[in-house]
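Let's start with one chain on its own, the form predicted alone, as structure tokens.
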């Protein structure tokens, strides 16, 4: 297949189709609308369902209902829509409903600048649910990543029965690039696990060596109870402290203990003093800055983190160990740097952030590296 000239949002839609997405609902919002447009073109032709909801709250609600009935589901929005999604995100996390949520970030707060990119939602994606239950957040750098990480997002949502976010950005989502999707190494497609014995099925029962419950769809032959309240293995509401505690810890540990299995990253290791850590579209400028530094005879290392949450702590410790100096560059006023400083609490971590509607340039990153 010849390379295609597509934007990041189109690649997200194509990745969703490759992963087996059967349902999409969304509400038009810049700069995520072209995902809705692409799914309207692709999904019905593949016998799927694509709906423009009356608003963001309805859209994610449709997706959760579709997922509970057994369909792989995705929605897409930007910062203001993520704010409205919050209650349903909590429902998906607490009731273990698989869903992929694409956040094509734009400059905030509030309405902000609809046509300017930023990475201002990074902390909100992690902590925007009541109870603080962990979620998975993947951050693409380019069109290729939009395709591959969307497939990974569906796999992770299915395997771990949780919401998975794609933290895109206006500059990634609406920039076109030539990419040969057929040449990419696509992961094997994963589906949620059905129970071995449906006769004894309980919707939230887990075994000692498997922290994720088996799945049966609502509306099938076997009754399936679902609630947004605290519940026991049988799906009935409970106030039993032991059952509640066991459930909370399981929801936390099923993701945090497994993060090394889905830690995605790129790196450029160098025999150098300085390591730059970044993510998203800023990684492209950082890569150019690394090239320029090498040409000037003063190389730097580069770590591009693509799994933001749960935080890949082992990766960060291992990759920073050879370097004397760590510099974090973000397209915001400082969000992920707090995680880097927490992990490297015995070291000084420098930071440069910018959130004014402009991309961070390679020249700016070089100035930061030079201490100017």
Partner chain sequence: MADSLLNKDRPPVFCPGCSHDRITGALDKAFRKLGLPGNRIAIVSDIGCSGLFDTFFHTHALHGLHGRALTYAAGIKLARPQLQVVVTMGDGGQGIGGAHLLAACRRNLNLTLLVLNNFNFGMTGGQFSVTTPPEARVSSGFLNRLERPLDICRVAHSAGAAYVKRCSSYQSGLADEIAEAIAFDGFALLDIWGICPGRYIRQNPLTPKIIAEKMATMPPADGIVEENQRREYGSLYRQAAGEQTFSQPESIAQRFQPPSNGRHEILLLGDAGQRIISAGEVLCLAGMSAGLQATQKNEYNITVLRGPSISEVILSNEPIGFTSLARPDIVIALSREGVERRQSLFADLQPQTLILKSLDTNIPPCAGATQALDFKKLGVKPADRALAALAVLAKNGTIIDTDMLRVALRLRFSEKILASVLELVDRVQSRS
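Numbering follows the first chain given and starts at 1. Being a predicted model, the structure only gives us computed values, none of them experimental.
Another form exists, predicted together with its partner chain; not displayed. Remarks below refer to it.
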| item | value |
| --- | --- |
| 4.5 Å heavy atom contact, residue 349 and its partner chain in the model of the complex | no |
| Its partner chain contact at residue 226 in the model of the complex, heavy atom, 4.5 Å | yes |
| Contact flag, residue 77 vs its partner chain in the model of the complex, heavy atom cut 4.5 Å | no |
| Its partner chain contact in the model of the complex: residue 42, any heavy atom under 4.5 Å | yes |
| Of 296, 189, 222, 269, the one that lies within 4.5 Å of its partner chain in the model of the complex (heavy atoms) | 222 |
| In the model of the complex, the one of 250, 116, 144, 193 near its partner chain [non-hydrogen atom within 4.5 angstroms] | 116 |
| Interface segment, criterion being heavy atoms within 4.5 Å of its partner chain in the model of the complex, picked from 298 to 306, 232 to 240, 149 to 157, 254 to 262 | 232 to 240 |
| Check all three, 184, 310 and 313, heavy atom within 4.5 Å of its partner chain in the model of the complex | no |
| Neighbours of its partner chain in the model of the complex among 34 to 51 [non-hydrogen atom within 4.5 angstroms] | 41, 42, 44, 45, 46, 48, 49, 50, 51 |
